[in-house]
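Next up: just one chain, as structure tokens, the form predicted alone.
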Amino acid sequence: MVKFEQVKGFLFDLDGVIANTSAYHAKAWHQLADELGVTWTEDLGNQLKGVGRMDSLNLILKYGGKENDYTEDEKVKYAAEKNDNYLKLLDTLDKSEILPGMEDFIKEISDQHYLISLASSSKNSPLVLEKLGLAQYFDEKVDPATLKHGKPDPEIYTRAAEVLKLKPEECIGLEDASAGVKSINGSGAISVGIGDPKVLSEADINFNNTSEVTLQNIAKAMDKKKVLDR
């Protein structure tokens, strides 16, 4: 792991890290699962965190034993339907959905002249950032439509560093999902897992919730990690 002083950029997931939009995704997928006759469970919802749209649909179908019941064209139609449901839910989104401490943290790293990019699997992430009033802090955003592989593949975080003209090793990625942490680690960036440390055990650094995420706390955690790794 590099020293904290060598970090030049931050790479953000969106849902469950910056804002509560993961709940909007879950509700829209729940609606579609009901339509497809797949029983919705908390376990299924957790599997979809940080996963792209088509991959999420395939996970739902597999979960319900229906992975061979639909053509690719039908799957595309259902994925679009889910997105329409999600966009309707987003009509009510505003700054109140920003998770505790995250607006202050994003402003803090911007003021300290760190580069910031978005590494969200959601194609609606630019719209979400606008509604949250945070778009101006992001120097770059990865377009998920240009990616060949979804999380946990490292492609999205590798790209998130590249668009900032940085090496992944010079960046810190923030995630709330196991697939996302694996993606960060695979890219070579430093991974910050936000949530249950047992679920996110592969993260380089763990915080229980977003309110703990500050530059000072990250620096302390990195120093502690380097001591333990000696």
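Position 1 is the first residue in the sequence shown; the rest follow in order. Remember, it's a predicted structure, so these values are computed and weren't measured experimentally.
As for the form predicted together with 6-O-phosphono-alpha-D-glucopyranose, it is not shown, yet the points below apply to it.
Within 4.5 Å of 6-O-phosphono-alpha-D-glucopyranose in the predicted complex, a heavy atom is found for all three of Asp15, Gly52 and Asn124. Interface residue among Ser187, Ser178, Ser191, Ser56 relative to 6-O-phosphono-alpha-D-glucopyranose in the predicted complex, by the heavy atom within 4.5 Å criterion: Ser56. Listed residues Ile205, Ile172, Leu200, Leu48 were compared with 6-O-phosphono-alpha-D-glucopyranose in the predicted complex; Leu48 is the one with a heavy atom within 4.5 Å. Though the partner is left out of this view, Arg159 does not reach within 4.5 Å of 6-O-phosphono-alpha-D-glucopyranose in the predicted complex, counting heavy atoms only.
Using a 4.5 angstroms limit between non-hydrogen atoms, Asn85 is distant from 6-O-phosphono-alpha-D-glucopyranose in the predicted complex.
Partner contact region in the predicted complex: 25 to 33, out of 66 to 74, 25 to 33, 160 to 168, 192 to 200, criterion any non-hydrogen atom within 4.5 Å of 6-O-phosphono-alpha-D-glucopyranose.
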